[in-house]
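A single chain, nothing else alongside it, follows as structure tokens in the form predicted alone.
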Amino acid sequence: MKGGVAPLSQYSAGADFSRKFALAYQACIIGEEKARRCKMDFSFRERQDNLERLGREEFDIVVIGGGITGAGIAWDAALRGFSTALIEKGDFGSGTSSRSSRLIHGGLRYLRYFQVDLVYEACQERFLLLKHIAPHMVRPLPFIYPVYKGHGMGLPELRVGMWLYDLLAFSRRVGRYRMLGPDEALKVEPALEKAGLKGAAFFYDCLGNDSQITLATVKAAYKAGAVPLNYVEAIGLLKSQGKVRGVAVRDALTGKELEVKAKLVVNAAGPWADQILAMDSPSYTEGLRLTKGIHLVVRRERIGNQNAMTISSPRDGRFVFLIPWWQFTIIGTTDTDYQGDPDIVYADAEDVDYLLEAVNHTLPHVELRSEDVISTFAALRPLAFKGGASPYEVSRKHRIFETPGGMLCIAGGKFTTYRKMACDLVDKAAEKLAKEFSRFPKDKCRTYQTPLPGGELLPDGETLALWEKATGLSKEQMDYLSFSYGSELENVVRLIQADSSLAEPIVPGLPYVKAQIIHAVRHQMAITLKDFMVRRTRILYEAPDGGLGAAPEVARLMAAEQGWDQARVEKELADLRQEWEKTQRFRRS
């Protein structure tokens, strides 16, 4: 198990199925017509077609918000046969959904607050993502939780917590936990501090490629018949006799405004949900509690962790994760109330100091400093409940409610439980559409058994070895790319076979290659330079210069695909620099 992450081929549950059988199964699940649509690109060209459809058709459901929750709702609704549109004012997943801890987990810490039902639900959804929905983008991840004398949770409390965590997962656990003595804990994780170590728990959760899961879910919705649009902002609601019957939108790329008619509008705008609520009723009081969470990206060797680690902050006892991500370790997260503009969120010096303090308290030999931080990223949690003395204690359960104008809204929840959240919302939508419009679904929820694009037929070890030989890419590169694309990695391989220069690295030392740029434009609706550098890859966070040195070449290839002029190229480069400066803002504060 390299770097705490198991190779994809070990978990290729469907690798022994033939491609022909996989395609036949797909046709059975979503229908022949939609199976034919699965062969279509999901490119910037389809975006223009979708934009025209927005103003021409009337939809059963329009979903506002293209994060993981909105994407899941659009996917579920389309699979049930509802005509569905999905609009996102930025790029898909450009808010919280691409800036998570990259964990698919049950939520061990929620047991402290007796949220047993939430942990049970998350454990079930973790299993579905790992085994059925996104096996190409979710992998088992070993964790170690050390216990030190006089600090944090004691061994008896941890033992009870691990027993209950294991019990709630039942037959759908990722792996059994073990309680370790000090010597065994140090063998399993040599990076631990020896002084004061009383023991540890060794257990499993999962690593998830959050931005790629979000993109794949949007793409799955598209292939099921939905009309998804990025860079289309809701600027108002259409009403008829006091009821919301559509959305007024503006295309951010052209400035064109359209009216999108719908029987039902769903507000899944996450941190921006209150702004959408205000369009229906300025005096509406079902507001959210926004909290900020930040992460640090450091070189893996600075900490030396072989596994993911759970440690506690000496300041408030909060869990802090150290997540292995190939050559890097992601450290997070914080949880502080946020009152500012949801569009301007960044890590400040106090946030960074909080996480550095937690690491250095538990692992004093590491002596991690702000100079070791390559980048930071920050996002907002739209908590559905306002209770609790501190943000850390507020429930992460999701809540669905209806506005006076009949708009359905969803808030709260976790990335791991997005499919269940979407299922619950579409159940409510189906009831409402049946009652008010006699519009009935063609089927029940099927997302629990439907793989996302790239997960239908995973490439096995032999296939990956053949692709490695055909492209000249390293085993590490192939492993990372398969974690991003699954079977759709074949598109990248074909691009390299057609033009060997596309196998060249974008940034030396990182696994990304130029073929991914073409793939992102043609198959992942990448519209801007930031789309590629921040979400289709993680170059912005992982390169020491944020990828600014490589950006002109990336922009050149994207310009050739999309027909950008020089003014557009310069704007894209300036926007990327501004985004990178946000990741470094803590240094100025």
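Bear in mind the structure is a predicted one, so any value in this text is a computation, not a measurement. For every residue, the number given is its place in the sequence shown, counted from 1.
Form predicted together with a small molecule: not shown, discussed below.
- Contact with the small molecule in the model of the complex, judged by any heavy atom within 4.5 Å, is made by just one of E468, D280, E233, D424: E233.
- Out of the listed residues K263, K414, R126, K223, K414 is the one that sits within 4.5 Å of the small molecule in the model of the complex by at least one heavy atom.
- Taking the partner from elsewhere, P459 is found to have every heavy atom lying beyond 4.5 Å of the small molecule in the model of the complex.
- Proximity of E88 to the small molecule in the model of the complex falls within the 4.5 Å heavy atom cutoff.
- Mapping the unseen interface onto this chain, Y485 falls outside it, with no heavy atom inside 4.5 Å of the small molecule in the model of the complex.
- Interface membership of R139, defined by any non-hydrogen atom within 4.5 Å of the small molecule in the model of the complex, is ruled out.
- Residues within 4.5 angstroms of the small molecule in the model of the complex, judged by any non-hydrogen atom, belong to 94-102 and to none of the other stretches in 94-102, 472-480, 446-454, 301-309.
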